[in-house]
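In the form predicted on its own, a lone chain appears below as structure tokens.
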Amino acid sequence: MGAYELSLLTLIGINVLLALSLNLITGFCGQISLGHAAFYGVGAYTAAMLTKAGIGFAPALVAGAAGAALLGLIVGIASLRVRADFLAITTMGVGFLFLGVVRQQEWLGGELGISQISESGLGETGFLLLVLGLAAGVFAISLYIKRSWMGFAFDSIADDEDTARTVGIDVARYKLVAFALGTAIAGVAGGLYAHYARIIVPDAFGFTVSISILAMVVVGGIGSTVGVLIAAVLLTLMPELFRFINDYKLLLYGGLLLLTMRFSPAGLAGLARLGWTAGRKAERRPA
């Protein structure tokens, strides 16, 4: 496998982690987040700074996840008092606040970011296997959560928080769990990205990145683990297979979001279910 293929697969794995992490918050628990790139950035900057300070790759990665989870808990606590549009604006504000901080602080590299980040020490193939292994692990965990009592609680909160409380679900607790878990995974993705790119700049974690992550979730099907994984792979591959798309990436994501919400609100997962249902009906028709 060539260097380009290794690099592309690594990027796909990182984006799968990001999409699945947001799906835990928005898809499972119904908490709209428009600033998910901020948690991604916290993981990247934390891991990069610690690595440059002489800390090993693995501890730096864990610290990045912990830092993102801590910020996620803070946002989660704020989410206990706001819902829907107000929560979306709050998370968007977190994203802009993160960008403002990293751009103004020279010790974080300012506008130039952080360069010459050391490699993981695993080699390109070893690093790819780590990324794909983590993505597979998060995918499996997401499937397990969806079928567990926690998944039932998340679904109840997403449908109607007040009704969830009446049946004994601790809404505050599960909201915080969703934010902490989802943002920790985003932090891991950030740490991996920092060692993958070996240079990070503020724009790599801007609002447009948050929208691209959201697009993967919406196009795949909000709450669908398999659909989100497929969408993350497709939306990562499209700019690589069709280079001209890079110049119109925001237009593409915006168009996909509009088309999905208009014609298939359940995303790719919804289309798959419709196809399955139509196929079953066709099988039952008499010859």
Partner chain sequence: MLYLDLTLQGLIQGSMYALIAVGLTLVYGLLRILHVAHAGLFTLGAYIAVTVTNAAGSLLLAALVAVPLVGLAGMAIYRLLYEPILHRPPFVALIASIGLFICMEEGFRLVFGPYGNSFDLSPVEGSVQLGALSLQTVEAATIVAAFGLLGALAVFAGRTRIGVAWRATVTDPEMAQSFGIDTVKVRYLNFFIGSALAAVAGVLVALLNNFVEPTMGSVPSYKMLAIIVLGGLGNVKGTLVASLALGVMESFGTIYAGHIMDRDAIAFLFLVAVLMVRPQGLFGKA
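Numbering follows the first chain given and starts at 1. Keep in mind that what you see is a predicted model, and the values were worked out from it rather than measured.
Not pictured, yet referred to below: the form predicted in complex with its partner chain.
Out of the listed residues 65, 29, 222, 229, 222 is the one that sits within 4.5 Å of its partner chain in the model of the complex by at least one heavy atom. Proximity to its partner chain in the model of the complex, defined as a heavy atom within 4.5 Å, singles out one entry of 238, 58, 70, 257, which is 257. Residue contact with its partner chain in the model of the complex: residue 261 places a heavy atom within 4.5 Å of it. At a distance threshold of 4.5 angstroms between non-hydrogen atoms, residue 234 is out of contact with its partner chain in the model of the complex. Put simply, residue 129 is far from its partner chain in the model of the complex: not one heavy atom of it is within 4.5 Å. In the model of the complex, residue 251 approaches its partner chain with a heavy atom inside 4.5 Å.
Looking at 208-216, 189-197, 119-127, 132-140, the stretch with residues near its partner chain in the model of the complex, meaning non-hydrogen atoms within 4.5 angstroms, turns out to be 208-216.
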